[in-house]
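Same chain, two versions here, written out as structure tokens and called structure 1 and structure 2.
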Structure 1
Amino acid sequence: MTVLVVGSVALDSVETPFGRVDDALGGSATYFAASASHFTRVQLVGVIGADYPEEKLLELVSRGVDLSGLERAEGESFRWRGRYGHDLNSAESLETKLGVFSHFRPKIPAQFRTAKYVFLGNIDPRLQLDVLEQVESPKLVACDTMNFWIESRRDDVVKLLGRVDLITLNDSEARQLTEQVNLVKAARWIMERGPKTVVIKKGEHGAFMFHGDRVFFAPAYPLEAVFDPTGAGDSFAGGFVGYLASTDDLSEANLRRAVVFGSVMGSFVVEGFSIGRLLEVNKDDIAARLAEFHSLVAFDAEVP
């Protein structure tokens, strides 16, 4: 099954303690697509300005990402500037320039409307809601959001909860959205408003999946060198939803495996700037890291 993703296609300028990069390929849809393309075909909807180095997106096309829903508009591309200190778990957003996104209305091409798996990447929640008016009968709608939208469009984010099956967000966003300090209570607060499944990511401390009254936890891979955490969340989502779409199985056991595939893809992207590592790794690398995740949590539960 293919996955439809709608989200930002950005130019990112990022500083980390290990270096900096300017105007690199970024955005929620870009990271998601690069990651999910390891599992299934991806249909991308977004917008870029006249200044976007479009040829750099061709590598995504060769990986099976359909860009026929990518609009080119007059004006500047979406730009995000962020900085990470030694705590690589949280980015400080220095600048968010919406550019062509401020007038964007997603138009889902006719051939994308029947998508069974839909990921509403981090963009204005009003645009995320707009997409849901245009898709026919998806089997799974998942979404992501971030502090920027929780602060500026909270009511729309809450409205969106009523329309999605699954949400991924990080711990600080979950606390900010729900005003609950405790993450179990935060997840319950969210589930009461719609999603059956809530994934709360905790950066280098792994991710919790709340599904009905069940909880699953996957650690993050203990990398020795995290270079740039940008895109970890969207790459997680790409692995997670991409794997679900490729297997077309929404059982709890498969959702648990999907969380680990998400963690695998998140662990690759942070090894370099932009989507570089996602384009380098292959099926063998993914399988090898999956095995390492397995051994990381395997233990003998016998009581002496």
Structure 2
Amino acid sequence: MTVLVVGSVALDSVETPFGRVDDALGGSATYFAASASHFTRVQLVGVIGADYPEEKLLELVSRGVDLSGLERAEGESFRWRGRYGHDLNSAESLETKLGVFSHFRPKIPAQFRTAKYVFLGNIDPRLQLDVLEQVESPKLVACDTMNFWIESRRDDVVKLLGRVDLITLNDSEARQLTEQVNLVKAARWIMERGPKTVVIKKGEHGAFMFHGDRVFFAPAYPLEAVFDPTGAGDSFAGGFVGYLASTDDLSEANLRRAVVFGSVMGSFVVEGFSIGRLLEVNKDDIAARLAEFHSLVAFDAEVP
């Protein structure tokens, strides 16, 4: 099954304690596509400016990412510049230039509208809702959001909840949206408004999945070196939704497997800057890390 992703395609300049990179490929749709392309074909909808180095996207095309929905507009591309300290869980935004992204109105090509799996990247919830008017009977609609939209467009975010099957968000976003300190209560609040499944990401502390009355937890992979956490959440979503699309199985057991595949892909992307590490890994690398994830949580025990 093909996955449709709608989101940002940006150029990031990032500085961490381990190095820096300028004008590297970034954006929610870019990270998602690079991750999901390991499992299935991806259709991408976004916008870039006239200054965007399109040749840098050719490796995504070679991996089966269809960029025919990527709009080229006059003006500057979306750029973000940020810095991480030794606490890699939070970035200091130094500069954000929306450029052509500030006028982005997603136009879903006719050949993309029948996609059965749809991921709405972190964009204005009004645009996410507009995308849903352009697609035809998807089997799964998943979305992401962020603190900015929760604060400025909360009513639209809540409206979106009634139109999606699954939402991924981090713990602070979940608490802000629901005004619940406890994450279990926050997840229940969200599910009562529409989504059947809620994935709450906790960065280096793993991710919770709430589905019906069941809770599943996957740890984060313990890495010795984390170079750049930018895009980790979108890479998680790419692995999660990409795996679901490849198996076309939405059972609870498969959703649990998808969480682990998401965690696997998120663990790869932080090992380098931009999407570079995601473009290097292969199926054997993914299988090996999947086995390592299994060993993290597998145990036998009897009550003495």
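Basically, rigid core = biggest C-alpha set you can superpose within 1.5 Å across the two forms. Fair warning: this is a prediction, and the values are worked out from it, not measured in the lab. All residue numbers here refer to structure 1's sequence, counted from 1.
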- Only one of the two shown forms is the form predicted together with ligand AMP, so please name it by number. 1
- Using the core for the fit, does the CA position of Lys97 change by 2 Å or more between structures 1 and 2? yes
